[in-house]
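Read the single chain below, which is given as structure tokens and is the form predicted on its own.
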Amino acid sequence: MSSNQKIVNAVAEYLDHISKVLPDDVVKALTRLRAEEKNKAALSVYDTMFRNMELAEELGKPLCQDTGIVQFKVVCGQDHPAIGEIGESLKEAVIKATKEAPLRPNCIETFDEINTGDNTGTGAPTIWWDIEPGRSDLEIYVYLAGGGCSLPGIAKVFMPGQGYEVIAPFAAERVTEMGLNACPPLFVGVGIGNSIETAAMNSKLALMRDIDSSNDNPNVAALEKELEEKLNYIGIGPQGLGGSSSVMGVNIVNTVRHPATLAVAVSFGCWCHRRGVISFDKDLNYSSKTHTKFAK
């Protein structure tokens, strides 16, 4: 078996798995929110969510009918032997998983309005790259980006004179206006950068972090906590029926800004936050640190 086919098969299997089994940290967060909830309607929704998780595994069916558009963040050591094959391997893995999992075909060619039928097409699957010198391993961050959780995404460049205080109301306004579309409780990723595209990328990378992690910068970590408290105060509750929580967590990824700009973006994950990491060593042995139930 070629190294290409090993990656194809492993990633296709992983896509199948994450469409049916939530990451460990998401299950932990939902368990915590259900334990803290007092609202009877909200508790009923949480019970339905957990029953849905059980049935997805038991019946081998996707957790949500919208299995999204596949997005990859690849962190590849420059010495990994399959570095030249990864892009094509990921595309083939998406096609294979679409047929076998199955994943719902969601890629519509813009303006042509044609469904490609296999979740590939112009720019799909989305692949972002980091090539790391001095490494021979490979990490592939996988995200099934559904329509509901993608719809509220927003980015804006503020005048720096408005200060970092503008971030909390910006995120809170979006949760209030559009949060219901993303099937709460939400996982909120906030990106801060020097331009609208870097902020948007940072907000998506924030969704790749563990829910219960904190930013290394204590000032940013404090803002994460403040945002989580303020968003939960809104009280949207699971599926918008009211309750003590609106979000599972808030993560912020920040990079430098230009002196004249403060770019902020907010991305969302739904309660069914289907993302994970599959890692390969130089011999293409693989594992996942986000899904303990994933076995070779």
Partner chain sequence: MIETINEKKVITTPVTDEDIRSLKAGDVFYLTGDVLTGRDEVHKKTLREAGGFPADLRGGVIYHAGPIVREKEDGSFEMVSIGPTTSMRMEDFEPDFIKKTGVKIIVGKGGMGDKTAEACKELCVIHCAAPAGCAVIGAASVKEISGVYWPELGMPEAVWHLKVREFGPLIVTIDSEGCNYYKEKKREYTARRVEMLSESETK
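It should be emphasised that the depicted structure is a prediction, and the values quoted were computed from it without experimental measurement. Residue numbers count along the first chain shown, from 1.
From this point on, the text means the form predicted in complex with its partner chain, which you will not see here.
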Each of 27, 96 and 212 within 4.5 Å of its partner chain in the predicted bound form, by any heavy atom, yes or no? no
Would you point out which of 134-142, 76-84, 215-223, 171-179 contains residues with a non-hydrogen atom within 4.5 Å of its partner chain in the predicted bound form? 171-179
I need to confirm a contact call. Of 63, 70, 265, 33, which residue comes within 4.5 Å of its partner chain in the predicted bound form, counting heavy atoms only? 63
Using heavy atoms and a 4.5 Å limit, would one call residue 105 a contact residue for its partner chain in the predicted bound form? yes
Just checking whether residue 255 would be counted as a contact of its partner chain in the predicted bound form - the rule being heavy atoms within 4.5 angstroms. no
Applying a 4.5 Å heavy atom distance criterion, does residue 148 contact its partner chain in the predicted bound form? yes
Can you tell me if residue 239 lies within 4.5 angstroms of its partner chain in the predicted bound form, counting non-hydrogen atoms only? yes
Only counting heavy atoms and a 4.5 Å limit, does any residue of 48-62 reach its partner chain in the predicted bound form, and if so which ones? 48, 49, 51, 52, 55, 56, 59, 61, 62
